[in-house]
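As a starting point, one isolated chain is supplied in structure tokens, in the form predicted alone.
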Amino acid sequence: MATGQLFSRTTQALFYNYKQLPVQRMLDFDFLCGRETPSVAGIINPGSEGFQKLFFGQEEIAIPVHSSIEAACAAHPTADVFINFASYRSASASTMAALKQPTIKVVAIIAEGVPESDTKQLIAYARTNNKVVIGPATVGGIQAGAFKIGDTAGTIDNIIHCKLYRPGSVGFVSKSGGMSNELYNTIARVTDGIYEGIAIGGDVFPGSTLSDHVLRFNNIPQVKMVVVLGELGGHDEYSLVEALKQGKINKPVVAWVSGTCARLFKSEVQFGHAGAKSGGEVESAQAKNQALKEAGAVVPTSYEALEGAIKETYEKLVEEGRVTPVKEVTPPQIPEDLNTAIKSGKVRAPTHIISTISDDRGEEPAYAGIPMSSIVEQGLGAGDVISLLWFKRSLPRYCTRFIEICIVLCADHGPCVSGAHNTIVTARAGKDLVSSLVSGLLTIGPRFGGAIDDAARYFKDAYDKGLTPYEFVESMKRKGIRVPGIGHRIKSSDNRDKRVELLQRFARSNFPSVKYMEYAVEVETYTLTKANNLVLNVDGAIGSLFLDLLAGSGMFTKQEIDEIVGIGYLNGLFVLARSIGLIGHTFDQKRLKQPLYRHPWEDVLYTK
């Protein structure tokens, strides 16, 4: 594998199986290092395409999302690193697919627990094709001031503390990602910092070994010394011993193999990593440390003494003139995320939407402060939900029952009314449910359904002013306005609307007061003297009774009632109810497989 460094300040990666935080951390690191281009060229989410918005410093950027590895590699031919965040179940297949792409040179496998047989195949393919695998079970790696993989080195604060925003003189390799963070900190305290750091991963068969990376470091001029952190179990460290003995490494190597405490246990011990398992004597930390020391590595007497050994080795190189300490630079300030700044009390950000009727931030949605589970457990119905979401309070049962009756009575009025006709024609044109429903709803207005609002508005104004039915009707006539809620094409004094009778009967039996409805009936009595079909229709009945509901419940102020009528609440009730019927007509036409509608010629008067 040997050759030189894997990354540079222009290295770009493809990120497999999108995870927001590690991608954003990579971009924040890019900004910290002063990179001109983001290190993440594209994201691969199988089955998805588009863009993912992230931040590059203070600038919001859109990173392309691709549905396949092949498409991503074709779109970003200069991206030669593949960061694989797939689960252990699919990591092998996706890694092999990436290795087979000619543009990919390095693959980092984050998942742990990848089947060993699969890992061996990946390693064999990578070595045959001169490619590098980091992992499985790795956090990745970093070239200070240039490029980092995923969550390597942790938070921005930790990266700054460890001076990883600019290159140092030390090459570091470890099996453990967590211990890498610890050593980055240690090395930054006693040297000019890391040039490159790699965590090869804690599984039994890592894609690349400690010695693979040490040999690479030996070929990188900027790396002046190497620090190695091994662990008990396996034989990886012995390949480094052989390389040292054979003189393949001409730079100082400070090494420590952790796990010396394993001898304190009477039985075999499994530490954190799959590969960190105490076995025979040759796999013990003591044996490995001794072998490394005999091969020429600087090996301290304990982990606690490792920092001192690194410091001593580095200072000797400085004295000999082999290391010119890197000059410190001040990294730029990473803009803080808005949510983080808000939580910490550093900024005040205005909201864009106000909602007072529902809240979905808790464990379950709440309507007007009442949890969804309570609504179901109390057996509340559609009328109760409407009272909470429309009126922001729990209305008495007779009120919510009246709302439900209105919905039932207004759900449909046959296929010939304008809304149903439009819906039927649209459905027969092959349009979808929403399009068919909307085409019917768009006919609702002053002449179809919308009279409920106007009926309530005019009846209330006349009653509150104390106008007699005569004065009210005649004043409307002088204004050229038909009385809303009065009149019907079919119904008359001899053929009453059954819906109106049902509403009146329910209200008289349940409402505390029906003063507005009785006023509407008095108006009807007067209008019937003019024409037999000027009866109180369902719009007028609902409009006047809703006034009685609001006023009689004692739960609304006069100002609130005026606002409800003015906003158009009552028309909303008709829209809600009639949607049921319009949806039914859509399903009916689809079920009957009706062809495109064409209006018959004989039903059209053609004239000049």
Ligand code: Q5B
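Note that residue numbering begins at 1 and tracks the sequence as displayed. Worth saying up front: this structure is predicted, and the values here are computed from it rather than measured.
The form predicted together with the named molecule is left out here; the points below concern that form.
_Contact test in the predicted bound form: Gly193 vs the named molecule, heavy atoms, 4.5 Å_ = No, Gly193 sits far enough from the named molecule in the predicted bound form that none of its heavy atoms falls within 4.5 Å.
*Indicate whether Arg447 is a 4.5 Å heavy atom neighbour of the named molecule in the predicted bound form.*
Yes, Arg447 sits close enough to the named molecule in the predicted bound form that at least one of its heavy atoms falls within 4.5 Å.
_Under a 4.5 Å heavy atom criterion, is Pro252 part of the interface with the named molecule in the predicted bound form?_
Pro252 lies outside the contact set for the named molecule.
*Quick one: does Gly487 come within 4.5 Å of the named molecule in the predicted bound form, counting heavy atoms only?*
So Gly487 counts as contacting the named molecule.
*Looking at Gln222, Ser284, Asn533, Asn218, which is the one with a non-hydrogen atom within 4.5 Å of the named molecule in the predicted bound form?*
None of the other options qualify; the answer is Asn533.
*Heavy atom within 4.5 Å of the named molecule in the predicted bound form - residue from Lys105, Arg127, Arg401, Arg499*: Here the answer is residue option Arg499.
*Counting only heavy atoms and a 4.5 Å cutoff, which of 165 to 173, 388 to 396, 89 to 97, 479 to 487 contacts the named molecule in the predicted bound form?*
Correct option: 479 to 487.
*For the three residues Val417, Asp539 and Arg578, verify that every one has a non-hydrogen atom within 4.5 Å of the named molecule in the predicted bound form; reply yes or no.*
Verified in the predicted bound form; spot residues all in contact, yes.
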